[in-house]
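Before any questions on how it binds or moves, here is one chain, the form predicted on its own, in structure tokens.
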Amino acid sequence: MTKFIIRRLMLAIPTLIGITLLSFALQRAAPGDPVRVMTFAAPDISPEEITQLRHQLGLDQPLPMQYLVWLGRMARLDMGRSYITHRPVSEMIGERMVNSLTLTATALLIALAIGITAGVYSALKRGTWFDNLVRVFAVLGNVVPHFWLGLVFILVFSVKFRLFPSGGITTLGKAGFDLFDRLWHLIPPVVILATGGIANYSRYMRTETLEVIRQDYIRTAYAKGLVQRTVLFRHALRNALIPLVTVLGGSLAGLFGGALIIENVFSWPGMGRMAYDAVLQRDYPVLMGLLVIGSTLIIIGYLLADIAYAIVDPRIKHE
């Protein structure tokens, strides 16, 4: 297992470099000029000053040279400074990362807990009203846009009934850290972000549980006199989890992508909202820093999924 982890980590390095190279080129090819955005509030700036500013930022160099300069800084763990705020990018991301990880990790745990439970119970109660309800939710949870659900949630539960705040991470004017207030603001974005995961995981677990409980070894376990709880948790559930673990690593990418939208809908001060602002402002250093952090977290997610796959299915051997 140790050799497998080391090998996967070594393969992650060229993967990450390829992602940054492609993203760097796409950013520069996109329309817009960061210098024009920076000097928008100064219409009287001279062409010479614009040329000097472009030289200071290194934007007058050839694109391959710009990438090599950026890559050299990243090798020293220097993400550069923001074009807009002139603050270190690593410092800006550090302030937002905890908020984003809190949102995504909470949504993932809730989606797994509810999705697995609903999927297994739906399979055991196949054909009942609960099974039909889970299947309908699995379809709607995938086809209904999350940003629309977020807006509806705000309209109903924030504006009409005033049960939850409409956005933000804490109540304006509240001094100090208040756990209850933080959780109160966390519930709306977590509920919407977890909806897609619950729909997907319940569908996977229902399908796999139905497949597993038809196997001969399950019937043998019942014939040996084992109770349903033992058969379900010791034999059926572990095998039904294998396909879910396989797709879990890939679902992390969708979770981070969904967080970008949800953070903007609920004004949650995380990396997703920062990325949105950086795109509008053509703040290349911030975009590249967020890309590196997000890609690294996704690669780690795939690695953890592979490790969990080997734990769930002991037949898998990595040599």
Partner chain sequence: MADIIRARALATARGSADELQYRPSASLFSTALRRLRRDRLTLAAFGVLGLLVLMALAAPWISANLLYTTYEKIDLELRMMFPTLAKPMWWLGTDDYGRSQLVRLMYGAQVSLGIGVLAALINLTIGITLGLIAGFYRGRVDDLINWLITTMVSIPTIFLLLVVAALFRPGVVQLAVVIGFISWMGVARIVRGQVFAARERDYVLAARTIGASNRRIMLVHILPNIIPIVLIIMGIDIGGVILTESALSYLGFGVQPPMASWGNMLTNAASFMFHAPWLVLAPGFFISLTVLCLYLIGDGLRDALDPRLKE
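Positions refer to the first chain, counted from 1. Note that this is a predicted model, so its numbers are computed, not measured.
Unshown form predicted in complex with the partner chain; subsequent notes refer to it.
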May I ask you to check whether Gly127 falls inside a 4.5 Å heavy atom distance of the partner chain in the predicted bound form? no
Please tell me whether any heavy atom belonging to Arg81 falls inside 4.5 Å of a heavy atom of the partner chain, as the geometry stands in the predicted bound form. no
Look up in the predicted bound form whether Lys224 has a non-hydrogen atom within 4.5 angstroms of the partner chain, and give yes or no. no
Taking any heavy atom pair closer than or equal to 4.5 Å as contact, tell me whether His86 reaches the partner chain in the predicted bound form. no
Please state whether every one of the three residues Ala29, Met288 and Ile298 places a non-hydrogen atom within 4.5 angstroms of the partner chain in the predicted bound form. yes
Option touching the partner chain, based on a heavy atom within 4.5 Å in the predicted bound form, out of Leu179, Val159, Leu172, Val98: Val159
Pick from Ile154, Ile213, Leu112, Leu248: which has a non-hydrogen atom within 4.5 Å of the partner chain in the predicted bound form? Ile154
Note: the partner chain not shown here; in the predicted bound form, the stretch from 188-196, 141-149, 102-110, 231-239 having heavy atoms within 4.5 Å of it is 141-149
Sequence order please: the residues of 269-289 with a heavy atom within 4.5 Å of the partner chain in the predicted bound form. Ala275, Tyr276, Val279, Leu280, Arg282, Tyr284, Leu287, Met288
